[in-house]
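The chain that follows stands alone, in the form predicted on its own, written as structure tokens.
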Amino acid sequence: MPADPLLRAWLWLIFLSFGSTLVSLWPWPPALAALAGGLVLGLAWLKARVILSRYLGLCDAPAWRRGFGISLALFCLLLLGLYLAPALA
């Protein structure tokens, strides 16, 4: 693993993007389509955390990082709820 934190973050983004691509291209049965959507959203949440932490420098400000992390998690939960609402109705 490289020592440069920006290079490590870049490698994580590539890895997470590759995971998102694999999940989206996988032939999911219709009963598990909601799970696939949740996985893609979860991977997008992880990518956003990496970008906020490393590329915006929030890793040096833990309180701000925590605030952004909570806000981002709540936003992703809202998106997940909106995505799953039609399947639950």
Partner chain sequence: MSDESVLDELPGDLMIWVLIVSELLVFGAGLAAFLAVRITDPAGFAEAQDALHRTGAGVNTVVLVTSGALAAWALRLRESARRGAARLALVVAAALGVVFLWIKGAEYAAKAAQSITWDTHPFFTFYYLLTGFHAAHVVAGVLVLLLVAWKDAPRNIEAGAAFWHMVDLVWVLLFPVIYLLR
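Remember, it's a predicted structure, so these values are computed and weren't measured experimentally. Residue numbers count along the first chain shown, from 1.
Keep in mind that the form predicted together with the partner chain is not shown, yet the notes after this line are about it.
#### Entry: is_contact(Ala63, the partner chain) in the predicted complex, heavy atom dist at most 4.5 Å
Yes.
### Query
Using 4.5 Å between non-hydrogen atoms, is Leu32 touching the partner chain in the predicted complex?
Leu32: no contact with the partner chain in the predicted complex.
### 4.5 Å heavy atom contact, Ile14 to the partner chain in the predicted complex
Within the cut-off, so yes.
### Partner contact for Ile70 in the predicted complex: the partner chain, 4.5 angstroms, heavy atom
No, Ile70 stays farther than 4.5 Å from the partner chain in the predicted complex.
### Query
Though the partner is not shown here, which residues of 41-58 have a heavy atom within 4.5 Å of the partner chain in the predicted complex?
Read in sequence order, the residues that approach the partner chain (within 4.5 Å, in the predicted complex) are Leu41, Ala44, Lys47, Ala48, Ile51, Leu52, Tyr55, Leu56, Gly57, Leu58.
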